[in-house]
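Just the one chain here, the form predicted on its own, laid out as structure tokens.
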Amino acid sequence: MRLNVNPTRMELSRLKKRLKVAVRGHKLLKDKQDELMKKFIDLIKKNNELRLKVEEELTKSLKDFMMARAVMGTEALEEAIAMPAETIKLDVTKKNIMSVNVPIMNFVREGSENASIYPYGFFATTGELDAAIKKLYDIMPHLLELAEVEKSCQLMADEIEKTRRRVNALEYVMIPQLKETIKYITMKLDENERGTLTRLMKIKSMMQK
């Protein structure tokens, strides 16, 4: 399907420029799409590895918590961890990867530098609770990294889909339309030129006679 334009030389020149820009834009977007796909696949692999590690460590920590509750009792366990030793806040910044603003997450700890990670005395608690707290404390950075990677995967997938639609629009709609219209105008101009030349030859012949 061609564009509805007047078949003039000026229009032909304008369309050729548009086609050149469209072809260059298509190549740039295709290159971007390919690079995004590579980064996306790397992130997916990293996400799967992190998820397995986090789930494994969380399962171990949960088992220790369950053992501690069985020995101490639910009420004593809840009382032991009711007052945390420090406050943790989340700091989120952004990093640009191929026009995608992916999150960079960090924990900001508030409290004494040498504060113990255990918010209780050791007299009325068990070793299982200590182990559970330690495992949970150690896994927190990985849990945060997992959240960061999963969000990055989501944002990158959205950008890949947007880029794919733009590539397809150029490849299957705009570029074919421009080529078809340029072909049509060129044909019309050639017809006009041949018609003009035929008329000039007739006039010349008549004048010679």
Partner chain sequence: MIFMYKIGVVGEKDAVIAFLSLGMTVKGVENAKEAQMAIDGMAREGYGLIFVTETIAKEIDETIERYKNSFLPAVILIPGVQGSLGIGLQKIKDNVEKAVGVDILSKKEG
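Because the structure is predicted, anything quoted here is derived from the model rather than measured. Positions refer to the first chain, counted from 1.
There is another form of the same protein, the form predicted in complex with the partner chain; it is not shown, and what comes next is about it.
Interface residue remark: Q177 is not counted as part of the site for the partner chain in the model of the complex, having no heavy atom within 4.5 Å. The shortest heavy atom separation between S99 and the partner chain in the model of the complex exceeds 4.5 Å.
In the model of the complex, the partner chain lies farther than 4.5 Å from every heavy atom of V71. Proximity of R164 to the partner chain in the model of the complex: non-hydrogen atoms within 4.5 Å are present.
With the partner chain omitted here, the record of contacts in the model of the complex names 42 to 50 of 166 to 174, 22 to 30, 42 to 50, 179 to 187, defined by a heavy atom within 4.5 Å. In the model of the complex, the partner chain lies beyond 4.5 angstroms of every heavy atom of every residue of 19 to 35.
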